[in-house]
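Here's a solo chain for you in structure tokens, the form predicted alone.
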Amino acid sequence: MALIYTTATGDDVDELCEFDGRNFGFRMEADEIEWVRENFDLDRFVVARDPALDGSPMVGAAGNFGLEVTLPGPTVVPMAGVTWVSVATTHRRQGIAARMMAWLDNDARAHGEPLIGLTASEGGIYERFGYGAATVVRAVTIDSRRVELLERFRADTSSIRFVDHTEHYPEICAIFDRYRRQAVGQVSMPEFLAQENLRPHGPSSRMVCALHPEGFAVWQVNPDWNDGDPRHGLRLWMLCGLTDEAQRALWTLILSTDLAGEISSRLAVAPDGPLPYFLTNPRALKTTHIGDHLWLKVLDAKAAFSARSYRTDDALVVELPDGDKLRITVDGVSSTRRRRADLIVSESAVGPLLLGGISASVLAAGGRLEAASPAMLRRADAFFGSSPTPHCSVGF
């Protein structure tokens, strides 16, 4: 008997939360289930059921959030944010994920979103659905007992308040909204997504929020008294400063935290940010991981490439996976029938090329893009590139 695919409703929420928790290894409490019920647009979720089994249980689920992403310019465009994708282990390799991902593509198109993106729990899944890794994450550790900010970079911290972040989401989200509109690769963070990104992990940890008039930082303290030689772990979840002064003030505060040992962060430090140059001992900051974060798929290439700006006054013809060719210039994007394209891109290369954080040369070396010549590849690097490297500090 064929599986049944339907749009989710309020009646599906309890089972949806149980299903998602089982597949991702956690259990939702009653208040968390109610949070889902209040914040998710269930019309943008699809569920798969198996009518051959007693009770027609859920065997697949996936959904979209209505978000935005910042492209070079900077300019902000709508993006569907794919989330909660899972398939029951009993029903793998039956095409359920492919069917749901196609459903999500169509949902994004219906909402006028030229892009669809996700932050993946596993890195080997989504390229076959047309997504490409468009930003990288730089996980770092800092031995706070070996380092401080250089004196010329230390900033006044007296305007910073320690607050309960759960009572200040409107302020936090308003600051981040101003920030992300000017930072290529950043994704919008509505309040419900802030609640998800800034929740504590572990029963004995403590969440700390430092609120600056032009920024904020949120971290988690995991106590380790170490037999009288304290080295509490400080896990920095997010740091956002609208100005250089605000960023330096927040780092001055964090690096001065009493009893702290190792400071760690996965998303708060940009891939090519200046933090090492602020430190008295740059070696105290170690990069522990470089990996993918924001994956993008372009649903409307003409609209997406028309929205962003370019670094050189050039004109390149790009052949898309469906055979269409776009002539892209600093003045606009148009369709063309020119026989020979300057670049031929695979579906998973379109999103990274659009955002500009992964160079055309790297995409070509990785077999995702072909160029008419080495000279054309160099022109493409200059034309599509974006600096600083696009960075996304939100997960969804």
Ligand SMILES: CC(C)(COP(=O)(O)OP(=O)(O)OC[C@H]1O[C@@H](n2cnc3c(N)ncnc32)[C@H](O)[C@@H]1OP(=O)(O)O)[C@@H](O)C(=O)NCCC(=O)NCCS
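Residue numbers run from 1 along the displayed sequence. What you see is a predicted model, and the numbers here were worked out from it, not measured in a lab.
One more form of this protein, predicted together with this ligand, exists but is not displayed; see below.
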| item | value |
| --- | --- |
| The unique member of 188, 264, 119, 144 whose heavy atoms fall within 4.5 Å of this ligand in the model of the complex | 119 |
| Contact residue in the model of the complex, chosen from 201, 152, 289, 93 - any heavy atom within 4.5 Å of this ligand | 93 |
| Interface stretch in the model of the complex with this ligand - options 207-215, 300-308, 222-230, 81-89, non-hydrogen atom within 4.5 Å | 81-89 |
| Proximity of residue 237 to this ligand in the model of the complex, heavy atoms at 4.5 Å | no |
| Exercise: residue 110 in contact with this ligand in the model of the complex, heavy atom 4.5 Å | no |
| Heavy atom of residue 23 within 4.5 Å of this ligand in the model of the complex | yes |
| Partner proximity in the model of the complex: residue 323 to this ligand, non-hydrogen atom cutoff 4.5 Å | no |
| All of 250, 273 and 278 with a heavy atom within 4.5 Å of this ligand in the model of the complex | no |
| Residues of stretch 115-145 in contact with this ligand in the model of the complex (4.5 Å, non-hydrogen atom) | 119, 120, 121, 122, 124, 125, 126, 128, 129 |
